[in-house]
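Only one chain is included here, represented as structure tokens and corresponding to the form predicted alone.
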Amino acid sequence: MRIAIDAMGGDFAPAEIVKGSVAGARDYGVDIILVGPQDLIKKELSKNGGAGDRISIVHTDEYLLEGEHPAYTLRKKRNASILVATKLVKEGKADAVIGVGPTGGVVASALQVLGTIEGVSRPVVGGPFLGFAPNTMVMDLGGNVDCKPEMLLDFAVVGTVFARKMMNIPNPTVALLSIGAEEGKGNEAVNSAHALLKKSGLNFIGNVEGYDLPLGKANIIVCDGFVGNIVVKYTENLGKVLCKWLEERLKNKISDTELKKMVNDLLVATNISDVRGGGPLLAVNGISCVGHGRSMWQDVAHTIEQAKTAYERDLVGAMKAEFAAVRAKLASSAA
């Protein structure tokens, strides 16, 4: 398998990207194509034992900077590293692409070059985010902030396939995040999506509320990206604040070893993306993975693992089939 990686994406590029790519190539048995300024990449490779047989370079001097408007900048920077890396997938020279920032650039490149699965307007960002409920994921986590009911249905379909293919959950449950568990609670979009999901053929169990998120009441919890992004960032930072609070309260009351383990376990439980790395942009017509802009080398390596799994389990093909089945079910129920 060949994975194209934007060597210049993220807060710690190219050093951490290159180091993570070397580790990922070694640990997961994939070929890596690093895209960016050749001299910079070679310099970092030399610090990590050289390129080896599994690492190659595609040179470009252009790359996106944090704060640039992605769609506008990509029109000016036609050879931006994330755009070049994504085109390698379109041209069949790579099987997947990875970028860890800016997120907007990864999404815009995927849309521009690969497009989405037929009938889906934009990529979906989502996945497991809370270690207390490892088999629960939220769709969407920030890719789509103004959503129609049909888009919430799309998130449910995408989540169902992700759960089956990436998490080995055979018949995942789907729920809508709302302000009450009863049917009829929520805004217009949620209530309209509720009606669609009931007829979709998915394993829909109704509404859940905010305090259900850590309890694992559903495998896929659907909400718009505005809500989802607030939820995930609140959760991650709450975990970090609680870790600091624990350290202050328990210092000198338990052993340093025990305290360190407790704090680390809590951090992992509330910041699962730091453990998993990034993951695939869902509903894209090809494998395009995005990671946190703050990704370190371990996160990059974990994202390579996610890309490999998505490729080997034919995530894109499975999503196309599921969307076709849901549309057929809705059409028959409307007839």
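Here the rigid core means the biggest group of C-alpha atoms that line up within 1.5 Å when the two forms are laid on top of each other. All values derive from a computational prediction rather than experimental measurement. The numbering used is simple: start at 1 and walk along the sequence shown.
There is another form of this protein, the form predicted in complex with a further copy of the same chain, and it is not shown here; the text below is about that form.
Asks: In the predicted complex, which of the listed residues (K198, R249, R78, K93) lies with a heavy atom within 4.5 Å of a further copy of the same chain?
Replies: Selected residue: R249.
Asks: Which residue, L242, M167, L88, I205, is the contact with a further copy of the same chain in the predicted complex, using a 4.5 Å heavy atom cutoff?
Replies: Exactly one residue meets the criterion: L242.
Asks: Can you say which of 167-175, 97-105, 206-214, 111-119 gets within 4.5 Å of a further copy of the same chain in the predicted complex, counting heavy atoms only?
Replies: That would be 206-214.
Asks: With the cut-off set at 4.5 Å between non-hydrogen atoms, does D146 touch a further copy of the same chain in the predicted complex?
Replies: Because a heavy atom of D146 falls inside 4.5 Å of a further copy of the same chain in the predicted complex, the answer is yes.
Asks: Using a 4.5 Å heavy atom cut-off, state whether A51 contacts a further copy of the same chain in the predicted complex.
Replies: A51 lies outside the contact set for a further copy of the same chain.
Asks: Since only the chain is shown here, I'm wondering whether Y72 would be in contact with a further copy of the same chain in the predicted complex (any heavy atom pair within 4.5 Å).
Replies: No, Y72 sits far enough from a further copy of the same chain in the predicted complex that none of its heavy atoms falls within 4.5 Å.
Asks: Please check if M296 has a heavy atom lying within 4.5 Å of any heavy atom of a further copy of the same chain in the predicted complex.
Replies: M296: no, not in contact with a further copy of the same chain in the predicted complex.
Asks: For the stretch 230-264, return the residues whose heavy atoms include at least one within 4.5 Å of a further copy of the same chain in the predicted complex, in the order they occur.
Replies: Contacting residues: I230, V231, K233, Y234, T235, N237, L238, K240, V241, L242, W245, L246, R249, L250, K253, I254, E258, K261, M262.
Asks: Verify the C-alpha shift of K260 between the shown form and the other one: is it 2 Å or more after superposing the core?
Replies: Shift of 2 Å or more: yes.
Asks: After a core superposition, would you say G159 shifts its C-alpha by at least 2 Å between the shown form and the other one?
Replies: Shift of 2 Å or more: no.
Asks: Taking the rigid core as reference, does E247 move its C-alpha 2 Å or further between the shown form and the other one?
Replies: Comparing the forms between the shown form and the other one, which are aligned on their rigid core, E247 does shift its C-alpha by 2 Å or more.
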